[in-house]
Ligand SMILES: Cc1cc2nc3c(=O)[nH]c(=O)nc-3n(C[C@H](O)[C@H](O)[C@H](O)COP(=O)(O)OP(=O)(O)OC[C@H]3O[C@@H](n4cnc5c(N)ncnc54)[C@H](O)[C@@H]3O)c2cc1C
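As a starting point, one isolated chain is supplied in structure tokens, in the form predicted on its own.
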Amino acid sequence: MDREYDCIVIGAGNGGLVAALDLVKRGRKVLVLEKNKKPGGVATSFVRGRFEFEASLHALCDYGTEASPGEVYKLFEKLGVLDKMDFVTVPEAFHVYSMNENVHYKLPFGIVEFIEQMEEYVHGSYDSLKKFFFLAEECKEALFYIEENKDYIDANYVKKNFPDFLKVSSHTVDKVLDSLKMPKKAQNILTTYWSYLGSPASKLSFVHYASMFFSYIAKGAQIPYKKSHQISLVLAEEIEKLGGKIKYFSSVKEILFKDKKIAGVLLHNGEIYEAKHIISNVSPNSIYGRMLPQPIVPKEAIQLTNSRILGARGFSIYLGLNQSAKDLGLDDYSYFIYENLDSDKEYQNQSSIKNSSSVVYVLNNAIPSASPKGTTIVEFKSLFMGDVFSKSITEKNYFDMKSKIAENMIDAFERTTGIVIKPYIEEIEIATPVTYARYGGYPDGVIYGYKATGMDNLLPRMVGMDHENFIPNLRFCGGFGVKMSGYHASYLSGDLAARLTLKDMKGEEE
């Protein structure tokens, strides 16, 4: 392999792959270094017995369709990979259950349809929901303007075109929904997806949640027909097809400097690769703490990184059932099983090791052929807030603990929905924060980057992204980037990192 490159991308996760492909398409010489044997990070699949499980993706937001493309659709089209992937739209928005209240609500895609169904559940919510979606669309458009014009944001243009965005930009979800006079019950249902951003409504930026939720309801949610690893493979193949290089089983030990400027990387096997620009799909915690010579790291970078709160830790259960979804009575694609619909109370529940809440997906209800005929793939996703999991386990109790948690979550699902699945389990695999820390290198098993709260919410990080550029020619992408966590955010963050790196390169050339 060549030893000199224009840019080295550390980590072949979602953001890293997009960043690399974006640069390669623009004629830059790029090397991607990945410590595992395949691309994608947790955007992958794995096999147990006769089942191939989706590792992490169950709803790709902001993809859309050809008739109504989202930002991810447009990005894949720009990268030239759109026709190489097959997507299907999941059937419904969500079906949420409250264990404590013994109630459940099923909501459809489509803004009109969503509002009408909500009005049936909560009489008198119609007007406030219309205002919410109108405001949410404005917030999404304003965020797009800010990102595209970050070098010069025209204040007069923003005031004229996004006046309501300015009014809500510094407020949390609950404050804005209260101002819209939305009934509390409607608020609790509307904020069902809070757990996907890792902060309750009282801490989460309205702009962040509203713009995400608008895209989700307006454009639906899609998943790849051949699971998320199809996206990873397509992106990786396109990189190599256009002349980029991907080196697997390659873990970076240190970022090298010459005359206080980035000069390349040193791998753990002793190999050295040279480049003046680096894009990291690895967290700032790992980069600043382990991979940079400490005299190089500004104290401001350490202070900011240490001041940030790590987000939610992941816990997943993968089940291969020997009965069909229809025979088992699994009629929906997604089941949100919460102790409480109030996000603040539920956040506290997920901050306990006794947490039995989960989001459950029935893959066959979106892709009937996802598993052999007469079988079903069911996957549980849950979160532990804070370090409650790591504080509760030891080397001795780890396997018993994870099995007990998984059993409690399955029992809670059966008890809440009345659907029995336990006797039909043919294959089971459990992934804990330890799994995510080992495989993905995520600090403490964090799968949501930094906690979205206060100045670490989406808008402050986007507006202040230049202030996070502590090391010249070092950019970040992925779940720890300014776009925050999630599949669509990670893809878009890779595109942003590539554009910023190109700007850095052009500045040097000029």
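What you see is a predicted model; the values in this text were computed from it and never measured. Residue positions are given as counts along the sequence shown, with the first one as 1.
Missing here is the form predicted together with the ligand; even so, the following discussion is about that form.
Interface residue among Ser250, Asn340, Asn364, Thr435, judged by heavy atoms within 4.5 Å of the ligand in the predicted bound form: Ser250. For the residues Ser45, Asn36, Thr453, Asn473, the 4.5 Å heavy atom test against the ligand in the predicted bound form is passed only by Asn36. Contact with the ligand in the predicted bound form holds for none of Ser211, Phe214 and Gly311, as no heavy atom of theirs lies within 4.5 Å. In short, of 250-258, 347-355, 78-86, 122-130 it is 250-258 that has heavy atoms within 4.5 Å of the ligand in the predicted bound form. The ligand is not drawn, but in the predicted bound form it has no heavy atom within 4.5 Å of Tyr63.
Interface membership of Ile10, defined by any non-hydrogen atom within 4.5 Å of the ligand in the predicted bound form, is confirmed.
Interface membership of Ile239, defined by any non-hydrogen atom within 4.5 Å of the ligand in the predicted bound form, is ruled out. Taking the partner from the other structure, the ligand in the predicted bound form has no heavy atom within 4.5 Å of any heavy atom of Met462.
Contact residues in stretch 471-508 (any heavy atom within 4.5 Å of the ligand, taken in the predicted bound form) are Gly478, Gly479, Ser485, Gly486, Tyr487, His488, Ser490.
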